[in-house]
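We begin with a single chain expressed as structure tokens, specifically the form predicted on its own.
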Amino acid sequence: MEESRRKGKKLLIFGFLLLAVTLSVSISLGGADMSIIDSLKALFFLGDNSQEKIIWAIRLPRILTAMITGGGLAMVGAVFQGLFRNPMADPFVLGISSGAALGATIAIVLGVSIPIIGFTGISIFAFAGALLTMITIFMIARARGSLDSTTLLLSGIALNFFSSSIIYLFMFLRYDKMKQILMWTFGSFSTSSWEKLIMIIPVILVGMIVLRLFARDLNGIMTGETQAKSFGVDVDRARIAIILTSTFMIGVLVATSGIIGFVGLMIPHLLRLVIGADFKKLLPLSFMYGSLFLLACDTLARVAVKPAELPIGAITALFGAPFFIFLLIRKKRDENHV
């Protein structure tokens, strides 16, 4: 226990230092590169006026959006892995991302243009798609009389395939919209703004607090539903509250930045290998290292092929796909040793 606490403190300090370095590098790179010193001066309004505008109007909103998105996805990933007791679960395991992608696709195909408080029609439809998917999953699970993890998981997988098939059908029927649909599903922070940040920060902050309040319940659920109930955990209540909170967080993040995969798969799993599965420590560390990871990936996406920009989802997939294969092989070896 004491060893785990020490590791947690070391990871926290190391994460802060690495995040500060990555932030300093990221804020200095872009279409108009600056030295780290010049970018930091501009950040504190001590530099050139044009550099200050670049930092405050373009780069800083994008950097903060990437950090909040990465942290939120990693935190929800940690929660889902505990809730389903499956190390290969991530924020999109319930098909919520596919539902959001379907909503965005419908908006693109219909040419919906109804901006509200900085959000485009595509973002609004994506958020609605995430919520409708969650409601449908609960309705399917309720039809079986219980909200067990297996039913929820299978319902999400089924809806995932269904939503994906509809998206492919739209892409085939509206070939002229295919590029726009693909670019959105790959994810990007290029449209980040202070207006969007003002909308997503309260949702993510409240979500973080709620999920942290259920850390004890998640620790109990990790031991098994029967054992958790013997500890006094209301498993169904906890499951509903956690999934609802996670869905709102994912819906807002996906509506802002598109589909970004694998962050919620890798970060919590790697942290769990180091500090164990105590969610009181795992959740805040997942947020920190998720922020760090996605900020680094976005920086790479911005500078790798200048003046063009790589989709952020492609960068995370380069790391995530091999990691997923590693998990499958590791899981198979563990089963063979049992």
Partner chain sequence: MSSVLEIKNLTIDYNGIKAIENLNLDFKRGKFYTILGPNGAGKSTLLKAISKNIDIMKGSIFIEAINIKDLKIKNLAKKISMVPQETSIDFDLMGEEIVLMGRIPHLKRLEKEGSNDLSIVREAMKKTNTLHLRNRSVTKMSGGEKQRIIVARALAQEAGIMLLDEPVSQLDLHNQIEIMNIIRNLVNKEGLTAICVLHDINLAVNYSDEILIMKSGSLISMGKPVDIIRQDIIEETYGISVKIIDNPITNKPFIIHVNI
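Not measured: the values here are computed from a predicted model. Residue numbers count along the first chain shown, from 1.
Below, we turn to the form predicted in complex with its partner chain, even though it does not appear here.
Contact annotation: of the candidates A255, L102, I137, V233, the single residue with a non-hydrogen atom within 4.5 angstroms of its partner chain in the model of the complex is V233. Only one segment in the set 275-283, 288-296, 42-50, 305-313 has residues whose heavy atoms sit within 4.5 Å of its partner chain in the model of the complex; it is 275-283.
Judged against its partner chain in the model of the complex with a 4.5 angstroms heavy atom cut-off, the residues R142, T151 and R239 are out of contact without exception. At the 4.5 Å threshold, heavy atoms of P87 reach its partner chain in the model of the complex. Mapping the unseen interface onto this chain, G187 falls outside it, with no heavy atom inside 4.5 Å of its partner chain in the model of the complex. Heavy atoms of F214 reach within 4.5 Å of its partner chain in the model of the complex, making it an interface residue.
Shown alone here, M222 lies within 4.5 Å of its partner chain in the model of the complex, counting heavy atoms only.
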